[in-house]
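Below you will find one chain, with nothing else, as structure tokens; this is the form predicted alone, and questions on how it binds or moves follow later.
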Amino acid sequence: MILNTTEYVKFFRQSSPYIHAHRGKTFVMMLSGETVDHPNLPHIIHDIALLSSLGVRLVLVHGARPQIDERIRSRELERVFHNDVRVTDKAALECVKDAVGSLRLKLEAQLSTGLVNSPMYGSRIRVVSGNYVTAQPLGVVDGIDYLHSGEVRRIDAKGISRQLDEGNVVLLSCIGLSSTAEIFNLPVESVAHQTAQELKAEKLIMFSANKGLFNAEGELTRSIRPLEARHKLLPCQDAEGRRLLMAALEAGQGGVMRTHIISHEDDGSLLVELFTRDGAGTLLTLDRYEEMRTASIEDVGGILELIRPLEEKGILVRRSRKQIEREIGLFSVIVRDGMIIGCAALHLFKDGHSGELACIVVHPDYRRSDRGDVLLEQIESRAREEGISRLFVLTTRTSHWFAERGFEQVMVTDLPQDRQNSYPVARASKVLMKTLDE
């Protein structure tokens, strides 16, 4: 994607709230073996370096599934899996150690790049690895002895945090050590989500061969809450998708507020996901990423910013900050990741059964959606609660939109008397009305 100067400046300015929000936060990032082998890895490393330079505390966890498989095939050993978990015998464990050691060195080398003509120039990333993951044997399940395949027993959160405090990037692998000096092969997803839980990380970010998680209709799911994801998305995922989704659900249960699943094939997907409102992949969030609510005094600035362009075009009547402040309780807003992307107000008339829908606006980036209808439904619901049976709207440019939603054009004299007295004659607004059912 090539941006012109205006687009670049706009993007950079819009990313500034995220730069401030991410500084000093801890992100755990999972790089699967497929990710480390992909040609896009250098670009991912460049973006990781950028995050580090912006003050993000980073823990990288890498896997090695395809590299282990390659070594097992080259040594003519048998690949054994049960319930999508590798059974690691002594010979396979040697392949695990060989693959993991090679990948760790590869990642450390990539993170140490500092060529003048590369994005890594001047980054000076210090990478630290160590025995931060304690493991125990998985044992016998369904009569199958998993041998040297294990599960995470403990994450040395204090040790990792000390390194992060020093400004280091911590690199973990899919291997864990036991108190008896044994080595265990671990699922990388498990190491990643348990590390995120123990560190109380702000985010868990996992790279995938896909753009994210897709629903049963084949559509990319941009944002979803964990409980909904378990019911709607889990049944339609492939093996990788199931592993990532289950890790995300476990992370959520452990208190990680946001888990991102993004593509390792798309250049820049990490930056798009973290520094734009719509992101690049799938976000599983425990908080309300987008919500509809009654406006508060803190929303005045956001409402003014949203409606100002339409006021300047003459589509909306100009409102002052003081007027918005006085009427703030009349507004409903849609808030997406801290930004107001939609608003509408309900004014009540003295006759007790009439109201006016005013200042209904949706941000230009979100108009190709149903958010206008959502705002209208919210205002109609509030009107019914107030005993309103007639809902008016005055418009100069959008009468067709309202007509498609049940409004009919009426005369100015059909307005309640107090609104007739303040009707803007110079604007010659059309008056539309909708009768609300009980």
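Note that residue numbering follows the sequence shown and begins at 1. Here, rigid core means the biggest group of C-alpha atoms that superpose within 1.5 Å across both forms. Being a predicted model, the structure only gives us computed values, none of them experimental.
Note that the form predicted together with a small molecule isn't included here; everything after this is about it.
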item: Proximity to the small molecule in the model of the complex (heavy atom, within 4.5 Å), stretch among 56 to 64, 388 to 396, 30 to 38, 409 to 417; value: 388 to 396
item: 4.5 angstroms heavy atom contact with the small molecule in the model of the complex for residue 349; value: no
item: The small molecule contact in the model of the complex: residue 366, any heavy atom under 4.5 Å; value: yes
item: The small molecule contact in the model of the complex: residue 360, any heavy atom under 4.5 Å; value: yes
item: Residue 372 within 4.5 Å of the small molecule in the model of the complex, heavy atoms; value: yes
item: Contact assignment for the small molecule in the model of the complex, among 157, 77, 315, 177, heavy atom within 4.5 Å; value: 315
item: Partner-contacting position among 93, 246, 292, 310 - heavy atom within 4.5 Å of the small molecule in the model of the complex; value: 310
item: Per-residue C-alpha change between this form and the one not shown, residue 356, threshold 2 Å, rigid core fit; value: yes
item: Residue 199 C-alpha shift between this form and the one not shown of 2 Å or more, rigid core reference; value: no
item: Yes/no, residue 366 Cα shift of 2 Å or more between this form and the one not shown with rigid core fixed; value: yes
item: Direction of C-alpha distance change in the model of the complex, residue 233 to residue 369 (at least 3 Å); value: closer
item: Cα distance between residue 370 and residue 217, which in the model of the complex differs by 3 Å or more from this form, closer or farther; value: closer
